[in-house]
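A lone chain, given as structure tokens: the form predicted alone.
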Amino acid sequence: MVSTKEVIVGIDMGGTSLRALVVNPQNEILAVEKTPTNVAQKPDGLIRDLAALAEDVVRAAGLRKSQLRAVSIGAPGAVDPEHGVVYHAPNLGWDAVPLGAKLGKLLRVPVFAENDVNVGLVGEHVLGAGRGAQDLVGIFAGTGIGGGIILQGQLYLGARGAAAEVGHMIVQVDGPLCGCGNHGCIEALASRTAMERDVRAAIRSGQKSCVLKLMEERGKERMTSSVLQRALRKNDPVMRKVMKRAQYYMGMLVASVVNMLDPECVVIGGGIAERLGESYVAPIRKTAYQNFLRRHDAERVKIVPGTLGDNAGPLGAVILARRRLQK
């Protein structure tokens, strides 16, 4: 039996879907609910969707709303965790949205907000692939690419709370346009969005690919990680070429991050890693090791896929909420 005011809802705001978990004090997941992310809506509309999702997942767990202690959200982009403001989220089209205050008013419980990759990394650090590491970097690839850093066991936010936006490190000057407005960001070269762009361009140029057919069969307007996986299983030549290029850029990104921070472990998470696991990470690891400045003991830096999958973000959000509530 769950006592009153002991459960927390953790939500991950993905570019494709919103995923919510109800978690008890023992980190057991009591219920999961998921709904598409309607990025065409204005912020208030999407916030109402979040409120409805939180209420739905509490009901799915067989609980009353009065048993809910808090809601904690991992949101994409630049987030001010102290005030719950999403300052800039290109994939949502958000600028200076007071997510915590608006959602808290609807749900009438405390609402916390943090960058989505930060919460995912906290989840992997406490409960997943990064357990035991004091210095840890997370790189999560999906609709976009985000990063998180844990130093000496603590989440590192930077002077303005905007640390580890590795997806917007410029690795190809005058490269493709990124959603942030710059050119040549790693997100514009190796995210699932970038891969879909490159696949579509290859098909337009006359190259044969089954990707669009797979999308049509599965009723998908965008190239999801499941479509990507099926195309690779069918040995689709365009998908294999595009994936190889994306893995190369990811490997170079990992090498650059390791050369700067020298962490014990790099966790590769997000939708692509969840679907493909070691087959996705292995080429990234190989490229990264080849480009470390210190190579003689490169293997001491573990480069591993996350183990929590889609649950990493919501679980990490819950863990961070507990820390905030204890202050």
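For every residue, the number given is its place in the sequence shown, counted from 1. Bear in mind that the values here come from a model prediction, so they are computed numbers and not experimental data.
The form predicted together with a further copy of the same chain is left out here; the points below concern that form.
- Although the partner is absent from the chain shown here, 135, 295 and 301 each have a heavy atom within 4.5 Å of a further copy of the same chain in the model of the complex.
- Mapping the unseen interface onto this chain, residue 264 counts among the residues with a heavy atom inside 4.5 Å of a further copy of the same chain in the model of the complex.
- Mapping the unseen interface onto this chain, residue 170 counts among the residues with a heavy atom inside 4.5 Å of a further copy of the same chain in the model of the complex.
- For the chain shown alone, residue 249 is a contact residue for a further copy of the same chain in the model of the complex, at least one non-hydrogen atom being within 4.5 angstroms.
- Interface membership of residue 240, defined by any non-hydrogen atom within 4.5 Å of a further copy of the same chain in the model of the complex, is ruled out.
- This chain is displayed without a further copy of the same chain, yet in the model of the complex the stretch 180-188 from 211-219, 98-106, 230-238, 180-188 comes within 4.5 Å of it by heavy atoms.
- Of the residues 111, 194, 86, 255, just one reaches a further copy of the same chain in the model of the complex with a heavy atom at 4.5 Å or closer; this is 255.
- Checked against a further copy of the same chain in the model of the complex, the candidates 199, 149, 223, 129 yield a single residue with a heavy atom inside 4.5 Å, and that residue is 149.
- Residue 245 is the only one in 209-245 with at least one heavy atom within 4.5 Å of a further copy of the same chain in the model of the complex.
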